[in-house]
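Given as structure tokens, the chain that follows is alone and in the form predicted alone.
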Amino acid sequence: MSTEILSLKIDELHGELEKIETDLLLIVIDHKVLALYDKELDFSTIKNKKVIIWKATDGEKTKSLAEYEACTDYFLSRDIHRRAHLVAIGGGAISDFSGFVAATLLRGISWSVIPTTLLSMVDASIGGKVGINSKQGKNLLGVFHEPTKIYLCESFLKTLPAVELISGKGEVLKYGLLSKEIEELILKKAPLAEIISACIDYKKMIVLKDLKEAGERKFLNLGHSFGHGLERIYQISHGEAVILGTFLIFLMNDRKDLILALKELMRKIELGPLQSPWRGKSLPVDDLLYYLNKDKKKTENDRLDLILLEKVGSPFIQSTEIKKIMGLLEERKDDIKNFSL
């Protein structure tokens, strides 16, 4: 992985942006972040750079074809050139969107990320997977385009809304299940900065081995096959959907040991109790089947690569028939109906 990761304070950002070897910066920033940090992020004070700013809409709404067209037209109408450098400032949706814009503008320009949410710090901004959503599903239009640098400013987390903190903790829990080292950090309630650093190191290690997601990088999709469907069906946060998706994987495979491990990690990271959005009703299996069939991890018309665990810290990939997945969910429908974490 060629991306350089720097930890710094917000008031040091301008100095770093001035070091970028270009005369033109394209800024894609979450409009809420700009409103909260308008003084600290006063781009007019950046020296020796022309700065063009695109204010992005909220969260996943940003990752649409309409927003992509509007943003790229805006930049292209302002005489940009191939040596322009794009800087994404915001959460995971902003980095996904911005990286896709950078990858496709003028057949590709360089870019960097300033993540402002826990989710984007530990996961979304790392590894170069960028893209936008289709009406058919999440992240179905995308490429691999690694950022040049990631600038980590933990002080952004001080103004993070509760729902975004929950979402970020959902991804942290994923890492805690994939890695014994991260599990131990969570269980001993290590400082958040230490946990963030460990998550970044784990993902960097995986990406170095498998940039294009041909093998081990698929481990990072734990809980995501169900999670992406639940996120779209119920309009819940990404991290919450990943936790619920992970639980469904464990439940349908009758892994009570892993369910207990997940609950203990949730308790230690102060996340929960968490109730399903379908509580008291049946899981919408037909709707979920629709999104499973659209999932980019589908390897054949009737099979999906599921990420399972032998134990915490030992993930593996299992190619599974989709009809078998739906059968297992049907068998567990009563347990699924009324669970809470």
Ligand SMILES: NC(=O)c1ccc[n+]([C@@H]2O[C@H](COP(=O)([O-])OP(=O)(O)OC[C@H]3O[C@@H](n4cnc5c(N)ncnc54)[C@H](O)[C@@H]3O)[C@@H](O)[C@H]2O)c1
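Fair warning: this is a prediction, and the values are worked out from it, not measured in the lab. The numbering used is simple: start at 1 and walk along the sequence shown.
Omitted from view is the form predicted together with the named molecule, to which the following refers.
S.K.: Are V33, I94 and H238 jointly within 4.5 Å of the named molecule in the model of the complex, each by at least one heavy atom?
M.R.: Yes, the whole candidate spot contacts the named molecule.
S.K.: Examine N253 and determine whether its closest non-hydrogen atom to the named molecule in the model of the complex is within 4.5 angstroms.
M.R.: No, N253 sits far enough from the named molecule in the model of the complex that none of its heavy atoms falls within 4.5 Å.
S.K.: Is A88 a contact residue for the named molecule in the model of the complex, using a 4.5 Å heavy atom cut-off?
M.R.: Contact with the named molecule, no.
S.K.: Indicate whether D38 is a 4.5 Å heavy atom neighbour of the named molecule in the model of the complex.
M.R.: Judged by the heavy-atom cut-off of 4.5 Å, D38 is well away from the named molecule in the model of the complex.
S.K.: In the model of the complex, is there a heavy atom of the named molecule that lies within 4.5 Å of any heavy atom of K129, even though the partner is absent here?
M.R.: Although the named molecule is absent here, K129 would touch it in the model of the complex, with heavy atoms inside 4.5 Å.
S.K.: Which one, C71, L222, I195, A124, lies within 4.5 Å of the named molecule in the model of the complex by heavy atoms?
M.R.: The residue from C71, L222, I195, A124 that makes the contact is A124.
S.K.: Which listed residue (D58, D302, D42, D287) meets the criterion of a heavy atom within 4.5 Å of the named molecule in the model of the complex?
M.R.: Result of the distance check: D58.
S.K.: So which of 304 to 312, 268 to 276, 60 to 68, 47 to 55 is the stretch with heavy atoms within 4.5 Å of the named molecule in the model of the complex?
M.R.: Heavy-atom contact with the partner occurs in 60 to 68.
S.K.: Let me know which residues along 127 to 164 have a heavy atom within 4.5 Å of the named molecule in the model of the complex, or say none if there are none.
M.R.: Residues within 4.5 Å: K129, K138, N139, F156, T159, L160, P161, E164.
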